[in-house]
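Below you'll find only one chain, the form predicted alone, shown as structure tokens.
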């Protein structure tokens, strides 16, 4: 089970790189600094731009910039954007709800874990990650 996909990881790394530089950075520069394939990063940046996390501008003076303050970008929201909801259980089999769903004790424990993990992701922001990065 992967908690974070490569897309989410790359998106967070790109957002951190932008937070470190208060101005605009080219996608090429971000990709090089973070060792992200440029085409893959461009698709990620497009998704981030459509969701309002970054702005983009083409041309010589163009690039990518944060559209929100780093403290306003939560890891939970980036995870949701690129991966959907955090689900540790799948109570469906061939698109039918499992017969044991209502009485499954494991499912209730897993839902509790999901809520705990999501709450922790809600508290992590790009600003808090940047602070951790600068402290390292």
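A quick note: this is a predicted structure, and the numbers were derived from the prediction, not measured. Residue numbers count along the first chain shown, from 1.
This protein has a second form, the form predicted together with the DNA, left out of what is shown; the following refers to that one.
Annotation: in the model of the complex, residues 70, 74 and 113 none come within 4.5 Å of the DNA through any heavy atom. Within 4.5 Å of any heavy atom of the DNA in the model of the complex lies no heavy atom of residue 85. Put simply, residue 25 is close to the DNA in the model of the complex: some heavy atom of it is within 4.5 Å.
Interface membership of residue 108, defined by any non-hydrogen atom within 4.5 Å of the DNA in the model of the complex, is ruled out.
Of the heavy atoms in residue 64, some are within 4.5 Å of the DNA in the model of the complex. Residues of 47 to 77 placing a heavy atom within 4.5 Å of the DNA in the model of the complex, in sequence order: 50, 56, 57, 58, 59, 60, 61, 62, 63, 64.
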